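Only one chain comes next, encoded as C-alpha cells, the form predicted on its own.
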Amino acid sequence: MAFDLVIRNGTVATAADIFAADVGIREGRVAALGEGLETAADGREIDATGKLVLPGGIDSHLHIEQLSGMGLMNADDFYSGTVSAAFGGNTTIIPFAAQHRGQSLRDVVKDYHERAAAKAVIDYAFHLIISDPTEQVLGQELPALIQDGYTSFKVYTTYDMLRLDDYQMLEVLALARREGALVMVHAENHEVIRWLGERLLAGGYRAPKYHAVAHARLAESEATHRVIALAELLDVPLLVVHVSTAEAAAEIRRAQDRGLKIYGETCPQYLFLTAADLDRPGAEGAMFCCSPPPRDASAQEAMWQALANDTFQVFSSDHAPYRFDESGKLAHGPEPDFKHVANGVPGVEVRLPLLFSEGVGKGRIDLNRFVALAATNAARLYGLYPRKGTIAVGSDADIAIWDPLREVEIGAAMLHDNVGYTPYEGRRVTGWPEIVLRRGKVIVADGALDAERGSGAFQPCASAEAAKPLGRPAPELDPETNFAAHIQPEDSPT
C-alpha cells in the first residue's frame, strides 16, 4: 500500500537515536523508516534536507481556559492556546481540568471536554486538579476517572482555595497507589509564604518584587522534602513540578539516589528569568510574577544541571496566560500589591525553541536529551507512549521539522497566544520548528496554520509504568516500622 506522505532526506532524532531516514506516513501513523522509500500515492513529499525530523512536542503542564483560584479566566482558550502550541512545535498538550471546592470532579471534566472538543487544533489529554478530596471524590469519582484515562492529577501544598493538609495528601497518595495514578505536587510551604507576605504588606512593601521575597527558597525546599517523605511512607511515585531552587532539586536527587520513584520538572522561567525581572518600573514586574518565582543566576545553573543529569525528567512551559490589563495581571488595579497579582507567565510557544537554542546550541544537553525533555519523557510518565512521544513504526505521525540554524528574535507580535506580551521579548534563539504534522496532516507550514477548530482529539492515558509503586520499602528502611512494607500485594496496581 502506498504512503500518504513521505518526509525525505531529513535527520531523524528520538530520545535514543539519531539517523538519516525517510519517514513514510499512512493513515495518520508512521508506516516506515528507511532510505529511498517509495513515492507517496499522489506524489506528496516534504524535502527535509538539512533539517531535523523530531517527535512533536508534548507540553505536559499548562493552563488553558482554566479559572484561577483568584477567579480569573486564562487569556487563552483551547483555540488560541493550541494554535500557539502548534507553532512552537507541539502536537499534544496536557492541561488541567481543575476542581474548585464544592465541585463534582465529573462535572469539571465534562465541562472541560466541551471546551476542548470545539476548539483544539492539536491533540490533548487532561490532568486533574484535586482541591476537595471528599469521600465522594476519593471513593467514586476519581477511581472511575482514572479508569477512563485521566491517570494523573495535581495537588497543592499552598493557596487558600487549593491546598491540602498532610492528612488529605496521604489520602490522595494512597488512592494513587491503589489505582496506579501519578500525583503531581506544587510544593511550597503555605504558612511560611503567608507569614512573610503579611509582614511585608504591613511594612508597606507592596511592589511585585516582594512576591519573590514572600515565596522564599526555604518554603519550596521544605515542602519538597515533606511531600517526598509522605510519598516514601506509602511507597508511591510522585512528580514535583516547576522546581526553581537548587535546594529543592537536591531533595529530589537524594530521594532518587535512595531508590524512590520521585520525578522532577522545571520550566523556562527558571532557566531564563530571575527575580530581578520582578523589580521593573511601576507595575511592569507583575508580568513576571509566577509561583514559585524566578530566582537568580546560580539557581538557573542548578536547573540546567538537573535537566542534564536526569534529576528532572520533564520540561514544561507551565503556560499560565494572563494579560497585562484589568482582565488579568491588573485585575486589582493599575498598581496591585504583590498578593493580588495573577500568578503565571506565558510560554507554550517558546518552550522548545528556548530549550533547543540554549540547551543543544550551547552544549548543555545533547539532541537525544532534548527530544526526551520535549516529548518522550512526558509520553512515558503520563501513559501516552509509544503512541505519542517518538518516531517509530506504528506511532502517531506527530512530527516537527526543525531548521536548526534559523535565527529568530522572540517578540509578542510574532506569537500566536492571546496574552499580548512575552517575558522573553527580544531574546534571540537559534533553531525553530518550521513544519508541524499532527497525525500525518501538515498543520503548520510557511508560517501559516491549516487546521480546523476542533480537529484535535482527546487522548486517554494509560497507567504508565512510572506511576506504579516499587512494591517494597527503600532498602535502608526498617520493614518493621515502614508502613509501605505492610501494604499487601493486592493494594498495589497490577
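Since we're looking at a predicted model, the values are computed, not measured. Residue numbers run from 1 along the displayed sequence.
The protein also exists as the form predicted together with a small molecule; that form is not presented, and the subsequent description refers to it.
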Legend entry - the small molecule contact at Arg438 in the predicted complex, heavy atom, 4.5 Å: no
Inset, instruction - Answer yes if any heavy atom of His242 is within 4.5 Å of a heavy atom of the small molecule in the predicted complex; otherwise answer no. - result: yes
Inset, instruction - Please check if Leu238 has a heavy atom lying within 4.5 Å of any heavy atom of the small molecule in the predicted complex. - result: no
Inset, instruction - Check whether His63 has any heavy atom within 4.5 Å of a heavy atom of the small molecule in the predicted complex, and answer yes or no. - result: yes
Inset, instruction - Quick one: from Cys290, Val121, Val419, Leu307, grab the residue that has a heavy atom within 4.5 Å of the small molecule in the predicted complex. - result: Cys290
Legend entry - Interface residue in the predicted complex among Tyr159, Tyr79, Phe272, Tyr112, criterion: non-hydrogen atom within 4.5 angstroms of the small molecule: Tyr159
Inset, instruction - Determine which one of 392-400, 100-108, 312-320, 371-379 lies within 4.5 Å of the small molecule in the predicted complex, judging by heavy atom distances; exactly one does. - result: 312-320
